Ligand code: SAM
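As a starting point, one isolated chain is supplied in structure tokens, in the form predicted on its own.
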């Protein structure tokens, strides 16, 4: 028994996957293709995708946001969990990586649920705000450049309804957040975001030690 989150060995992590992961063949194929890319470390863990899909179902989400699509695994996991009339406002700047995503979204039959915008996410989110979509989204997932996490969070919070949920990825940053020798821009940005969120009374929060750390923030 333990009174803190346990460290997952490779063997225990495999047991977790073998005992709980319900990954569709399309999700699995996308994950395996992405694993061959030199940037494969940007791929979320499959158990995290399943966790977020469950969150979306628990809050009966219909309209969601994704900041940082990459090859589309998280968007696919969420889209498959949304109702038939659900929608994801997806933000990315890479035609190369999102072209992979589009293939698998089409294969899974969810491409109509994903509204992909190839532009800086701040522009896409501000456009949604200016078009009167404040407080109309149920869920947001932030997993993009770390320097802009604070701004992405503010924009998503404006677009989120009360009771809606924001999930923020990489908040433990492979342990670098507690390594005082790590002073690079990304690590410092994540530390600053985590500290800022700790005292933000607009949201209820929980930092979950799944994959690379996932903070959940519920808008009050």
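Residue numbers count along the first chain shown, from 1. All figures in this text were calculated on a predicted structure; none of them were measured in a lab.
Keep in mind that the form predicted together with the named molecule is missing from the display, and what follows is about it.
- With the partner left out here, the named molecule still marks one of 79 to 87, 105 to 113, 126 to 134, 139 to 147 in the predicted complex; by a 4.5 Å heavy atom cut-off that stretch is 139 to 147.
- This chain lacks the partner; the member of 59, 42, 176, 157 within 4.5 angstroms of the named molecule in the predicted complex by a non-hydrogen atom is 42.
- The named molecule in the predicted complex comes within 4.5 Å of a heavy atom belonging to residue 70.
- None of the heavy atoms of residue 99 is located within 4.5 Å of the named molecule in the predicted complex.
- The named molecule is not drawn, but in the predicted complex it has a heavy atom within 4.5 Å of residue 152.
- Contact annotation for 97 to 129: residues with any non-hydrogen atom within 4.5 angstroms of the named molecule in the predicted complex are 97, 119, 120, 121, listed in sequence order.
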